[in-house]
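The chain below stands alone and is given as structure tokens, in the form predicted on its own.
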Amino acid sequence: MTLAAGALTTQTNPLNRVLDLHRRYYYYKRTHLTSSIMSQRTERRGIHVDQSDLLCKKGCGYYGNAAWQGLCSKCWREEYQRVRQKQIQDDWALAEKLQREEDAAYASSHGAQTQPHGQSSAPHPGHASLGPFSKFEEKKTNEKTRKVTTVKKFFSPSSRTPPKKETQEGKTPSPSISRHSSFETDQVSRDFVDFLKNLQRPGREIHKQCRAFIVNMSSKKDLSAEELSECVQDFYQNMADRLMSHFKGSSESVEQVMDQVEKYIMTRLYKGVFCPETSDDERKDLATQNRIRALHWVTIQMLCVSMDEEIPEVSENVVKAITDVIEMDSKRVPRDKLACITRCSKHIFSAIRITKNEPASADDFLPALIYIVLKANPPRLQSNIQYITRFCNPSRLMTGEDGYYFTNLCCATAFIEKLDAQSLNLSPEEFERYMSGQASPRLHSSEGDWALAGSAPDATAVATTNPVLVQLNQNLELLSGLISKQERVTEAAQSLQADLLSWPQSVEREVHGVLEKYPLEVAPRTVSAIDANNVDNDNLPPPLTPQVFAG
């Protein structure tokens, strides 16, 4: 009886036939179970987000946002207003209840103190109750005044969100930044005025309202970030409603004007509303940056990204995507920040398309975006996301490609914050070792390959198993070639310099040699008189003799 590849060759014995059936059944179950586990592991490793999860939870059809608890800007504002109004009503009801309890306690304690005194002195009934009642009314008035003042302070924005204390030196910008901001602000203002000239009378009204709104917002520095956002969004809504009535329902014209209004307003208000002191955006930025730094070991294979960076076109698109997402922080207008996100996303789609030789899908896009964010570690990522969420034109975030790409960026950021061992198909022990820096997944995978190969690690094996080391070796070879070329050029230059220094001496020696070999003799020259006898004159023909002819 022999066993080969899970198949059993049996004799005619019935017992052997039964054993053969059992072995075949076990082999089939083991193979099926292994393939099932591998398929589940592959599905778990893939980062998949259903497109319906990107939409608003209220079912309105617009894109939601993690910062708005999965709602779109319209539904979030309605929910925020409802919760806020309910909170205010509850706070006022609690304040009134406390006021009544305090008044009742004061009245009972004051009545208990005045009752024995009234029985001992036995004054006139009217005079006995008049004095304590007047004092009680005075005390009650004072208590109500104090309580109202306390309640007003309780509901004032400054008491809810006290501003942070910072030194003046830390908040003073450098002169170069101030000059650049001033120049950019002036340029945007001129462009806004030139744009409104085409609208004539409505343009003047729009400019007047925008300037009044900016002046009004400059006096509300103590408001919280949500209240600042509410003020800006209310202004957007009112302006859009007026423009819709003026342009008679032309949404394209309204969108153009609102883009210019947003650019003008947010450029002027940027310093006061971006990462305001009343918010915790700065703390979130630092936490996100530290989190991304700690995840520097995550490889492209762990995220199942469909990009091959060894292809030059793919590598170029990856670099452009990283540049665009970093450039987002340098923009001041929410629409310009969204444009950076859109360009970054299109470069990612191009890289995936070149790698797969087919159009990229939404399932391929999100893991690639997470990988780009991990490699770029964009500055002030949370502040930029919150700034766009709070002050961008809501129509851009709810629909269109800008809203889609921004929603995916929010999902990528949330995924990075909650990234764990299961997300990367790692054991908790491996994940902790990688996070603490005790081990490296690249080195671990290389050691595993060496163990399977049964050979000791060498430089060639490391280079072939690690793409980063492959690139490093290529760079080192390129540098070695450049160094050798530089040495050859230096030797040639030194040789040329020596030749130039010796050339005048060699020329001088050659000249002296020629002069010694062929000396130059110069005969003395004598000057003779004109009438002096000259031997050479004898060779001349005789002079002509004049002849006389008879006339």
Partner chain sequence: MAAGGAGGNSGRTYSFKVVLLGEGCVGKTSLVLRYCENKFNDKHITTLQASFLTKKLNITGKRVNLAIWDTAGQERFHALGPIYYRDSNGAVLVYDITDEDSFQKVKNWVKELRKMLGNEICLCIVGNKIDLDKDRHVSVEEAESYAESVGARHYHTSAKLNKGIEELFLDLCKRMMENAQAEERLKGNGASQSASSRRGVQIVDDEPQATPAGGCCSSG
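Numbering follows the first chain given and starts at 1. Treat the numbers as computed from the prediction; the structure is a model and nothing was measured.
The next section is about a form of this same protein that is not shown, the form predicted together with the partner chain.
Using a 4.5 Å heavy atom cutoff, none of T278, A294 and N377 lies near the partner chain in the predicted complex. The chain is drawn here without the partner chain; in the predicted complex, the stretch among 426 to 434, 361 to 369, 268 to 276, 190 to 198 whose residues come within 4.5 Å of it by any heavy atom is 361 to 369. Scanning L98, I326, M302, A287 against the partner chain in the predicted complex with a 4.5 Å heavy atom cut-off leaves one residue, M302.
Only one of P441, P202, P467, G400 lies close to the partner chain in the predicted complex, with a heavy atom inside 4.5 Å, and it is G400.
The shortest heavy atom separation between V318 and the partner chain in the predicted complex exceeds 4.5 Å. Shown alone here, Y404 lies within 4.5 Å of the partner chain in the predicted complex, counting heavy atoms only.
Contact annotation for V215: none of its heavy atoms lies within 4.5 Å of the partner chain in the predicted complex. Contact annotation for E310: none of its heavy atoms lies within 4.5 Å of the partner chain in the predicted complex.
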